[in-house]
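Next up: a single chain in structure tokens, the form predicted alone.
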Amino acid sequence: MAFEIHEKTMAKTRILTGITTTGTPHLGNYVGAIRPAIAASRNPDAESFFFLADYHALIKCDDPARIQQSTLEIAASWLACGLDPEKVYFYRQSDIPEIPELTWLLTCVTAKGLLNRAHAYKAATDANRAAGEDPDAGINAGLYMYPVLMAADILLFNANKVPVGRDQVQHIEMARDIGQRFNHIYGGEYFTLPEAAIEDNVATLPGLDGRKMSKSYNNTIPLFAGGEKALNKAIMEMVTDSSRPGSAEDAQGSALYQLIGAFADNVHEEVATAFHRSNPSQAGWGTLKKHAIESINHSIGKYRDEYEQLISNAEKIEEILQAGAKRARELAQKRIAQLREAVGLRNLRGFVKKIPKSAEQQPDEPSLQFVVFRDEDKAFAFKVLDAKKNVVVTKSGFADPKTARDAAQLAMNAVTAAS
């Protein structure tokens, strides 16, 4: 997961980005998330939040050592690339207990039908059906509930805008639906309804096989892990076609051309210069791969030493994450306190029972009352009844109802005086 959240306040735009801790940071992470997010964090009008999405990681990774190592590598990468923990909120998702608490509050207002329509869940069930298996075979509740956890990440800080790729738009729409449902049930504007801002201009890097660079495809080029040697080896192993490009025009559209473009100010000019410098008889994909290595090293090489120092000092990174979590929780605790009050999770000290208005407007029922009626002889009679409708006094033989009522009132007064 990699997504951003903007919340406009009186003075600043709030930005939040998360990366799932399931693998080693690669060039795609750097170009698509780390670099633009750090640049945005330097805007004086921005208030930035960056988190390691380790709860999300548990959905698809059951290797504790991998999650821990990934957390260390991702944190070190962000910091080495220039993230200033003193000027942003930098924390680990699992260090903010308000996130899972909000997840549960949102779960209790989320329709099951909404979750049934989530793309990831539908894709998994469709694959099972195609294989002739039970639709839910091998699907855990974490995958099913993923949209609610992501909604909690977003809604906890009341985001306005959520810049995402097109494949993440549905999650923002679901977060909006869930927040709206909560507001409706509890009768208040507790959540700002987020809007997706599609970032078509964010670069998507090709991987070793030409497809989108992704841990899921196992086709990534490491950002820092393994140093310059690992970067060189990965790029030299990139898949190319059988034709030999002899110019920048021939190379356009290739994965290598796109890779250089992510790190070059003018990709066409740089590639043309690379071919011009090379021996014409040796020009081709090898020339382009060497230029890709030069371009990338020129951009990220300056961060390697800092990364190596950080990766060997896990205690320092832990201190930074804990400090960031403390600051983020100061905001999260205020929000969750409002939401607990809204749903009725309240302290009982000073509890005052609320009396319905209809009860407040009604006078107390009298403890005694009388009833005047005609008896079997057609004479007028009365009964005095207590609060439980038991007969306390009865007498008949009156010629008219007024006389019976007067007698009943005297009898009721006598009973009241005696008690």
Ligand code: TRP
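None of the values given here were measured: they were computed from a predicted structure. When you see a residue number, it is the position in the sequence shown, counting from 1.
Heads up, the form predicted in complex with this ligand isn't pictured, but that's what we're talking about next.
Trainee: Do residue 13 and this ligand share at least one heavy atom pair within 4.5 Å in the predicted complex?
Mentor: It does not: once this ligand is placed as it appears in the predicted complex, residue 13 has no heavy atom within 4.5 Å of it.
Trainee: Are any of the heavy atoms in residue 168 no more than 4.5 Å from a heavy atom of this ligand in the predicted complex?
Mentor: Judged by the heavy-atom cut-off of 4.5 Å, residue 168 is in contact with this ligand in the predicted complex.
Trainee: Can you tell me if residue 56 lies within 4.5 angstroms of this ligand in the predicted complex, counting non-hydrogen atoms only?
Mentor: Yes, contact at 4.5 Å.
Trainee: Hey, in the predicted complex, does residue 146 get a heavy atom within 4.5 angstroms of this ligand?
Mentor: Answer yes; at least one heavy atom of residue 146 falls within 4.5 Å of this ligand in the predicted complex.
Trainee: Thinking of this ligand in the predicted complex, which stretch from 335-343, 154-162, 113-121, 232-240 has heavy atoms inside 4.5 Å of it?
Mentor: Stretch 154-162 is the one.
Trainee: Let me know the one among 76, 213, 271, 150 whose heavy atoms come within 4.5 Å of this ligand in the predicted complex, would you?
Mentor: Exactly one listed residue reaches within 4.5 Å, namely 150.
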